[in-house]
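The chain that follows stands alone, in the form predicted alone, written as structure tokens.
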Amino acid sequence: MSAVHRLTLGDVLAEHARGRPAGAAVVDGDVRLTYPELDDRVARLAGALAAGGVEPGGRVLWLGQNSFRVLELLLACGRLGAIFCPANWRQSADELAHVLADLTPKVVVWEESEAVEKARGQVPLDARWLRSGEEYEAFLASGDPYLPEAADGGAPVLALYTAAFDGRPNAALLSHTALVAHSMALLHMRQMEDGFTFLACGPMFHVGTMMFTLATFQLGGRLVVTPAYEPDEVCRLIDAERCTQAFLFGPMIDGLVQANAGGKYDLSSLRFVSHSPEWDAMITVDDSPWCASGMGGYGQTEVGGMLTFLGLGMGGAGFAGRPSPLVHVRLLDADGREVPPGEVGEICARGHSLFSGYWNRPELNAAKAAGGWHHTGDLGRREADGTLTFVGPTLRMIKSANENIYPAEVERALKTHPSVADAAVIGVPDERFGQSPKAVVVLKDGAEATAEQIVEHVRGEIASYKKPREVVFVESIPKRGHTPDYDALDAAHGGGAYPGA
């Protein structure tokens, strides 16, 4: 691709800096940046990173809560041809150590926490560690503005850890081209207009928050950042900053309704999906294709966020809608042949918004890209009217609130307990979160452990939200070959409500 045809995140920022000289780009606490100010900071940060040894293909890691620095680190890495990764700050020390060892970043920007400090001690790295705050600001100020002649739009720029197929997560790599393409599709479906303001109150390491962050940036809108979801503060920010959109799902919305029960805050600027009479009375119920259809479609991190949109299939038989205009979707059988409408096959895709593979996973990448298609690992069905239905993952997955929990990952943590001989994890229906993990555990001969001890052990091994909410002890776990018979476990222990069910 010639330079004439490229469009990188850096190009988008440069255009906004020229075309929106007074336009507000970012609000984060006391920090308020216009697009020209953001452009200047990104140029200096890129210069500082380059002087610090970050080269094309090098990695920069963020270990902290939401911050405007996540966006400017991403943009600065884009100028250098480097890769930026905002990691899940809620992970355990062991999980964070895995990220450090796997990604081998050259620079780590971090917020102080016990888990980060423990992980740092476990993995010796030739990396510069910068505390977010004064140390980061001094580092940025030291840089000479970095203005490259051309950047490669096809180069990976963002890494998001996801998909713990084998018990450990993998970093999906997304290029400038993929992010720009996905942003264009999303802002069209959401019918974003000039002045659009997005509140990043969901985690920025999650593609759901990141995709709206980047679509807002693509449009030249305003990003409002809060470190983490806190109902009263989210209500205050929606009121004060007149936010148009926020990253919210059922339980989070319920929290906002409770926090604003007395009508203290004016939430009418928020254009969002209908949820409950109380919620609908507080906000403006949105009629864009994104919200009027019930919000969403089918997606995953590897496709940039959304592969299909409900808004392109409103009233259709399939509850995943139709594919984004920028992708090509086929449902394939095990031999790579397309299945006819009405039959179930693996959802496979290719197109501008798809990822570039996983970091440092050549064998997995070859398997996932077999036949020139990205194999999502999820099953779907094409209905007679052409719309798509998501059936469920080919690998078992638990969907708790908006988080994907892979049983293999929780089982790995369970089996590190000294009293556990074997373990399996199922998902059980949960009124609040949809599903919650339940551990089925076999103890070693003569060993003792309580359910509370098992749960606390898992909490120390992996992120707390992945821990089982219930533990049952059994004599043995039914097997199919060498793997647990999950259907039998579901039947015996109340499993159900899996994605697509």
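One rule holds for the numbers: they count along the sequence shown, beginning at 1. The structure presented is a predicted model; accordingly, all values stated were derived computationally and were not measured.
One more form of this protein, predicted together with a further copy of the same chain, exists but is not displayed; see below.
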Report whether all of 185, 350 and 384 sit within 4.5 Å of a further copy of the same chain in the model of the complex, measuring from non-hydrogen atoms. yes
a further copy of the same chain isn't shown here, but in the model of the complex which of 399, 412, 374, 120 has a heavy atom within 4.5 Å of it? 374
Contact residue in the model of the complex, from 90, 98, 330, 206 (heavy atom within 4.5 Å of a further copy of the same chain): 330
Can you check whether residue 480 is within 4.5 Å of a further copy of the same chain in the model of the complex, heavy atom basis? no
Spell out, yes or no, whether the shortest heavy atom distance between residue 322 and a further copy of the same chain in the model of the complex is within 4.5 Å. yes
Taking 4.5 angstroms as the cut-off for heavy atoms, does residue 314 touch a further copy of the same chain in the model of the complex? yes
Could you tell me if residue 363 has a non-hydrogen atom within 4.5 Å of a further copy of the same chain in the model of the complex? no
In the model of the complex, which of the stretches 245-253, 103-111, 259-267, 385-393 has residues with heavy atoms within 4.5 Å of a further copy of the same chain? 385-393
Check each residue of 178-211 against a further copy of the same chain in the model of the complex and list those with a heavy atom within 4.5 Å, in sequence order. 180, 184, 185, 187, 188, 191, 192, 193, 194
